[in-house]
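Quick setup: one chain, the form predicted on its own, written in structure tokens, and binding and motion questions come after.
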Amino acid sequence: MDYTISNRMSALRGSAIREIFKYAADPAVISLAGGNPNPELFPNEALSDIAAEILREQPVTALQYGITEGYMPLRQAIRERLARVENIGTENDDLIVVSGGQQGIELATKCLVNEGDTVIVELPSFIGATNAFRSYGAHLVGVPVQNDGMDLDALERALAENNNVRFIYTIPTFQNPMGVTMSIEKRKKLYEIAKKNGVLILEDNPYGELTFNGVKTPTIKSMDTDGIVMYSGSFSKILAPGLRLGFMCAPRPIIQKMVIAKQVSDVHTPMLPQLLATEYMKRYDLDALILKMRENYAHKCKTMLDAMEQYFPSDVIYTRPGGGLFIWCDLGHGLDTFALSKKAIEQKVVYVPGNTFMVDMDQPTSTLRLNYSTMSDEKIVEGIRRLGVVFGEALK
């Protein structure tokens, strides 16, 4: 029997984050990896009541096939929220409900990228997106991320030096993995650079609602008067990730092709989660739930930063995010955080090595990503203390 794997999949690696979850399953291990929302914030009781009522009163709608574009009342609710909260949506845009933001990224890639085409990504960047691009044979070009977002001089060089650039992928707000936010000035300039070069932008914004101080930077999509921005959003970080609900707002011709691509993938997003989200937004205050999340994550982030200040060696550099779920660290001194992660595991604490988020995942890096959203305050402090010991030994 020939079990030869296709070219498009043979070079792909599984997510290191998912591998780390195997260690994190040990209750003695403190996981500062992953990117899960805090399960204590899930609206369990409300969703339970809504689900029982839906299955009792709307069983056919919930359990029958639906249309590929998504449940119409949910699409309308998303459109209204995007317009109110993000100033997104024009008469030339359309919207599709997808099975998590990850599927939106994958479907957009499927529709737009031919093998050998270039996709420009932030460096570092979200592995779920970069693996989606790799799976369609894209040539990935990384552009360094600075404290205020993508290095736009490097972006212009990348556009000049590479052919067939299909789109620029960016997480401009509370970027995964760095936690930094692109300035409004850079967002405007990025838009103009893409417009000048005839290149699309894929704006991924799963964390934008999780701003600690309530102040939001305008999305790039809100500036889109030329139909060049695809906007990926998600309910995973503001409601519950297990619902697997995301959406893509993009120029209508792209959405029309994504609908066909989704029909091939999974026909439609499951109906019960779509009804749950729709009814939750009708009956409850989603903004109030998001406010609780902001307050919780702001507290946890400060707890971690304070512990890092106390326990980390003084020459370790790290970001201080204003929202989202992640802190990015650089140990410097030529250290390899992938190799060092084994020492951390011995101390029963895990993080995500920085090579996971790079275009060249084989290149050693002194960086790593920490997550603060799921652990208790006590475990955050103890985990950072343990890492401080590991890092201190490595930097001697």
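Note that the coordinates shown come from a computational prediction; the quantities given were computed from them, not determined experimentally. One-based numbering along the sequence shown.
The same protein has a further form, the form predicted together with a small molecule, not shown here; the description that follows concerns it.
Checked against the small molecule in the predicted bound form, the candidates Ile220, Met150, Ile171, Met258 yield a single residue with a heavy atom inside 4.5 Å, and that residue is Ile171. Out of the listed residues Arg244, Lys110, Lys300, His139, Arg244 is the one that sits within 4.5 Å of the small molecule in the predicted bound form by at least one heavy atom. Here the chain stands alone, but in the predicted bound form its contact with the small molecule, taken as any heavy atom within 4.5 Å, falls in 232-240 among 72-80, 275-283, 232-240, 290-298. Mapping the unseen interface onto this chain, Thr269 falls outside it, with no heavy atom inside 4.5 Å of the small molecule in the predicted bound form.
Interface membership of Phe167, defined by any non-hydrogen atom within 4.5 Å of the small molecule in the predicted bound form, is ruled out. Not displayed here, the small molecule is approached by Ile105 to within 4.5 Å at the level of heavy atoms in the predicted bound form. Contact annotation for Thr118: none of its heavy atoms lies within 4.5 Å of the small molecule in the predicted bound form.
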